[in-house]
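Look below for two forms of one protein chain, each set out as structure tokens: first structure 1, then structure 2.
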Structure 1
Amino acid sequence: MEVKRNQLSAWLYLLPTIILMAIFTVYPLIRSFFMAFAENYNYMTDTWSSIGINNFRIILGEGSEFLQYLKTTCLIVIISVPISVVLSLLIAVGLNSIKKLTKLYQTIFFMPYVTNSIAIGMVFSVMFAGDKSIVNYVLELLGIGGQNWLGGVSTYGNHASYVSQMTVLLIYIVWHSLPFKILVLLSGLQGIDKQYYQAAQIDSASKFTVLTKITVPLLSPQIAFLTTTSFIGAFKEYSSVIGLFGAKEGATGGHYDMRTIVGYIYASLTDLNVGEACAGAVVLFVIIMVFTLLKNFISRKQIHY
């Protein structure tokens, strides 16, 4: 009797959250799936002509903008996620070995996480934009030569290449994603039993051996979590593009359109192409689910609890 009463109390406490999730998460998700198949959907009158897959034919057809943005998004995911996870691991290991001013260094590395992403993107655009940008100035001092990174009129060429724009975008995304990963890995490192490292020191194991044979295996739960969430976050990347290239003309950087899948969804909603926007959202949902399930299947035997 007491158990049933406790269960009822628990459900009553959870009821407000369940109701809010049903209204603002579950219902919109189901509604989006439906509207993805509703052809000629009218947002104002909530009417449609028929149910079919025409919206998917439009966004996945040859030469569609969606496929271009899908390519950009996949490049961001494939390149930024491994680099950010590896860098955050190395930085976390380095910070964990520092005894003095540890909290100060942790605060410095965590600052980008609490800073507005649009503001950071604007700072990066200033650093890379123009002939007299900070980055070009440093490159000229090193004798490497400057580059038209973000487009616009420049003595280095009237158009920035897709590679140069993608390079700036990836640098920004990786830099902005490091703080949270470092914090998670630091907490994991501080929970590792010091006896493992003492035994490795007795055996005269190298730092590389300690990192690969002790630290990484014991941090595998945190690494798996960060990898999964990073994949999801990278597929939903949007604010970084707006911060660097601006919202005008769909965040174009000079000659190339650098929008991602989420940017396409927002642009379609702005143009009241609700069916195409929902179809793009469904495709994004399926891609994220497939990547997440595949990643969990591969790493299942490599995680040590």
Structure 2
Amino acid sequence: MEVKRNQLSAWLYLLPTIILMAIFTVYPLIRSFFMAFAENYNYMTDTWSSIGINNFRIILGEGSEFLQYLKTTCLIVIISVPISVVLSLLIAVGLNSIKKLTKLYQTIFFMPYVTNSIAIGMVFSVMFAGDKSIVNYVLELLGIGGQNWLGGVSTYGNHASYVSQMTVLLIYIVWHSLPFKILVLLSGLQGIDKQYYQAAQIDSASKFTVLTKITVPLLSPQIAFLTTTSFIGAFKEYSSVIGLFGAKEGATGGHYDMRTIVGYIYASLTDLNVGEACAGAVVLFVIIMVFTLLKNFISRKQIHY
């Protein structure tokens, strides 16, 4: 009797959560999957003509917009992830090797994490945009020469190239993604046994050898974790684009140069093109599942942390 009552009370404690999850997580997941495969779906009347892969054929077909956005997203992923991992590793190693002011530096490096990505995106766009921007000014001083980074009328031409837009976006994404990586790597570094370094000192190994032969291998679980999670995060990049470019999602209105997969999903949804939005979301879902499985596989292989 006692056990039965316990069972009941446990489910009562979970009841609100389960109801909310059923409505806002489980049901949406199933329905979104369904809508991705339903053809001519009308969400108002909940009717469809047939079940098939037509939505996927549209978004993945030859010369579709979605493929262009997928390319942009993949570029972001491939470039931003390695750069941010290497940079955060350098900073973490630097932080670990100093004795004074560590707290101050740590606090500074963590600041981008707690900021609003839309707000600071706007700051970056002010720093880059136009002839009179601080970045162009510094570049002119250094003799490199400025650039029309974010479009608009400019002495550098009235057109911002794909590369220059992408450069600003990548700088912002890396800037924003460093803190979390530094935090994880630093706590990993602090967990490394000092004996390894003492042994290296006796063998009078160079600092570079120590970094590549001791520090990086011993940090491999953290690096693998960060790489896979940032792959996932970078595939979902969206708010940094909105912060930098606004609703135009690119330098020039109507071109959506910097639109990502998630940007496409929301744009289709706003246009009430639900089927294609769902198909896009399923593609994203599959990509993320692959990386999640990869992450779980890697972390199971390296249990020593």
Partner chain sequence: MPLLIIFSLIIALFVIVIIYKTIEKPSRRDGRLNHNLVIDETIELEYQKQIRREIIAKVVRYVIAYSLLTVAAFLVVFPFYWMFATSVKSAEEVMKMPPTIFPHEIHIENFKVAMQSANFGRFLINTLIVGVFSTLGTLVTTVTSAFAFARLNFRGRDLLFSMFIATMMIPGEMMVITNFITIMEWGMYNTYAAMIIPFWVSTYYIYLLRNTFKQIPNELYYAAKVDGTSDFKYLLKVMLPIASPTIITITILKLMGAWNSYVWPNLITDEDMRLITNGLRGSFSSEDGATVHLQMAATTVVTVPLLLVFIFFRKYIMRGVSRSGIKG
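Source: prediction; values computed, not measured. Please note that residue numbering is based on structure 1, beginning with 1 at the start of its sequence. Rigid core here is just the name for the largest C-alpha set that superposes within 1.5 Å across the two forms.
Given these two structures of one chain, say which is the form predicted together with its partner chain. Of the two, structure 2 is the form predicted together with its partner chain.
Where one rigid part turns on another between the two structures: hinge among A205, Y105, A36, V174: Between the rigid parts, the switch point is A36.
Can you give the rotation, in whole degrees, of the smaller rigid part against the larger between the two structures? The computed domain rotation is 12 degrees.
Superposing on the core, what C-alpha displacement does L15 show between the two structures, in angstrom? Comparing between the two structures after core fitting, L15 shifts 7.2 Å at its C-alpha.
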